[in-house]
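The chain that follows stands alone, in the form predicted alone, written as structure tokens.
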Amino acid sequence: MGGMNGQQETSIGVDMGGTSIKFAVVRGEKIIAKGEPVQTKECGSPDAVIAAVGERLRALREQYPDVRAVGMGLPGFVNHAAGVVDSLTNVPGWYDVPIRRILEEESGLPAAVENDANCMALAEWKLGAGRGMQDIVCLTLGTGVGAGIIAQGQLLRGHLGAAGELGQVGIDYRGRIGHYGNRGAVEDYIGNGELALEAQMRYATELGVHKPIDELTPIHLEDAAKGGCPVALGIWDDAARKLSACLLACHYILNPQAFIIGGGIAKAGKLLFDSLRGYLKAQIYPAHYEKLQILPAQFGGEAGIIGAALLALEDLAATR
């Protein structure tokens, strides 16, 4: 990636989720304005989604004529170099879509596309909790586990742009069968839905209480744990133990300066981070652990938009 030379220019960041697509005009780390979101599932086909995205981009460009480029983060396998979506997670119909070319045609602006977790990593590396570091692993914990890796001052993309999919790292070779046939993938244990199902089962077996799933979100489990509930405390401790197995492997493969963790589950704060630090300290060579930081992400739900906007300007600068 290039330097910070385009930081004070203005670009549009787009963050596509399984539920909605968010838009913002961005300068550096500042959100200048937000566009009206697109409801992904209401649009149906990729063509309908793209048409709605194009409409929002043109409206923002008309309102902010100084925008220089547009960047889009998408949840799945995105080939940044080719500008193509290979496939998206939980969004059907998106296979081999030349999304960069389409964005450029729809907006009239130079475009860049990237995996959404990589966009989050770029934002945290260049402008957030990882600023000034050369080797970091950024994770976002929510519906699944997304991640982006910065190694020796470069975003690590891999051969097909699929590097950093830490959610698919196996923590149990006899574990649950995952989306691609892989066993024991960490996101099959500590995603929002998986935590809720595990909590529901433990409340029933340990306390004889039946709780509906919608009352077992990370926020509910955080509140219960802070109130001393043994089931909720156990859920958070177990989540930290499972995440530590993934991060332990990452540490010995990548030797990062820091793990930077964001997303809805990470909002549990000390409930997650204290246990996670304890499990990692017990398993990592002591001299390594002393120099390893486990940090909360600086940017919340806007990290993907900020990173996508930043990427668009850096790609633009590289072509000048």
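Residue numbers run from 1 along the displayed sequence. Owing to the predicted nature of the structure, the values given are computational and were not obtained by experimental measurement.
FYI, the form predicted together with another copy of the chain isn't displayed, but the following is about it.
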Mind telling me which stretch in 240 to 248, 220 to 228, 103 to 111, 122 to 130 gets its heavy atoms within 4.5 Å of another copy of the chain in the predicted bound form?
240 to 248
Answer yes or no: in the predicted bound form, does another copy of the chain come within 4.5 Å of a heavy atom in every one of Gly17, Lys41 and Trp236?
no
Partner contact for Gln152 in the predicted bound form: another copy of the chain, 4.5 angstroms, heavy atom
yes
With the partner left out here, check for me: in the predicted bound form, does some heavy atom of His80 sit within 4.5 Å of another copy of the chain?
no
Though only this chain appears here, would Ala59 touch another copy of the chain in the predicted bound form if you measure heavy atom gaps against 4.5 Å?
no
Does any heavy atom of Gln168 come within 4.5 Å of a heavy atom of another copy of the chain in the predicted bound form?
yes
Consider the chain as shown here, without its partner, and state which of Leu197, Ala162, Ala204, Val84 has a heavy atom within 4.5 Å of another copy of the chain in the predicted bound form.
Ala162
Residues in 179 to 214 close to another copy of the chain in the predicted bound form, defined by a heavy atom within 4.5 Å, in order:
Tyr180, Gly181, Asn182, Arg183
